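Next up: a single chain in structure tokens, the form predicted on its own.
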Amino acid sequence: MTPTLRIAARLLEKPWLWAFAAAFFVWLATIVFTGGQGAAAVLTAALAFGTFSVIVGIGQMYVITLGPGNVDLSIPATMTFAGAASMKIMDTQDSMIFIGLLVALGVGVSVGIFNYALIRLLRIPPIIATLSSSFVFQSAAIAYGRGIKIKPPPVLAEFTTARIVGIPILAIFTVILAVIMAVVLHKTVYGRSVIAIGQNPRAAGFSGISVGFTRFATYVLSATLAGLCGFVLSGFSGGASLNMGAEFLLASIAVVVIGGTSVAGGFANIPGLWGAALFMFLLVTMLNTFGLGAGIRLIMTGLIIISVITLAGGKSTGR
């Protein structure tokens, strides 16, 4: 086998490749249908909106990597509460942006601690614990924000919508964040502990890994990233609203699975998050461009996502 064929074979073994391939073909189908009009604009929009799915997807990916049963369903409520609290604290004042960011991150940390307390102290399964806490924090957001869309400071709004040579600046920062979290996952004791626990928690415990602390840190990480996402999404969308996180409940899980992370745990894939986020946005754009009805769009979206998940699959992990 020639070196070129060997490289191609290795690429085809990468589960994240299928997510990017799906995104490319969906984008190609869209611009062919429109005769090439708006091709760059569609990509720019995909990068802008995909950014938020990637931010929460990183945290969700770490949680899912811990193994079966681990999932964070409190992400939408955390985003909403963090967005509402930070916007209200800043009160449209540019001088309060840093304080607002700290508040959003603080909300995330608090939610993560609360989630793990339910899981560890009360022995509640993660899916139930995080879903229950989502009701608590969504209610807190309603009470705190009183249903009013709270506008962001002008500088924050400008920053979150700014572009450099046509590329959203938030996308650039999120790529940097993804690279950092990839290094953390594969090169640090904490990241390797997450993977080891997902592969075999008992063996990880016997090898000296603090399983409890690693799980605690992972749920806090997921909620903190959700708080960060709520902060920047509020700036991007013109303010915090009570339904701002609703679409990210399934999106945060979909980008993880479509991106090639194993739902069985023990194998994570950060590059695939970007491919999956772009694919999800471009798929909806394509179906809207084709002028399909809502019912047909939903059916086709489901079928296409199933196909991509089947191809991306992820690696199986030994137990």
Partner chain sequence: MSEADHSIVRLDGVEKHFGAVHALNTVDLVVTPGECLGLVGHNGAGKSTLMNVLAGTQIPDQGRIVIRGIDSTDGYTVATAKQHGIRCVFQELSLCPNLTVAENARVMHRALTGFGWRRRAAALILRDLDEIFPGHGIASQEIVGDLSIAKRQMVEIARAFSVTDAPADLVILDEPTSSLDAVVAQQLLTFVRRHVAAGGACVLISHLLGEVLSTADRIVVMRDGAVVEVRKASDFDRDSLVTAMGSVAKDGDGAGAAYASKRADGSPKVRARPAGQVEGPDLTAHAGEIVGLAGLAGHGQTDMLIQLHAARPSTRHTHVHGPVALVAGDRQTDGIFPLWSIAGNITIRSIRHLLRHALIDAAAEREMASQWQQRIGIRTPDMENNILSLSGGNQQKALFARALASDAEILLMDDPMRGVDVGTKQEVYRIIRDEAANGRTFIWYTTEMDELKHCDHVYVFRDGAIVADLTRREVTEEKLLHASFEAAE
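Here the structure is a predicted model, which is why all the values come from computation and not from measurement. Positions refer to the first chain, counted from 1.
Below, we turn to the form predicted together with its partner chain, even though it does not appear here.
Among the residues Gly166, Gly212, Pro154, Gly205, the one placing a heavy atom within 4.5 Å of its partner chain in the predicted complex is Gly205. In summary, among the residues Met96, Ala196, Ala171, Val103, the only one with a non-hydrogen atom within 4.5 Å of its partner chain in the predicted complex is Ala196. Judged by heavy atoms within 4.5 Å of its partner chain in the predicted complex, the contact stretch among the candidates 186 to 194, 84 to 92, 103 to 111, 221 to 229 is 186 to 194.
Phe49 falls outside the set of residues with a heavy atom inside 4.5 Å of its partner chain in the predicted complex. The shortest heavy atom separation between Gly265 and its partner chain in the predicted complex is within 4.5 Å.
Mapping the unseen interface onto this chain, Thr161 falls outside it, with no heavy atom inside 4.5 Å of its partner chain in the predicted complex. The closest non-hydrogen atom of Asn200 lies within 4.5 Å of its partner chain in the predicted complex.
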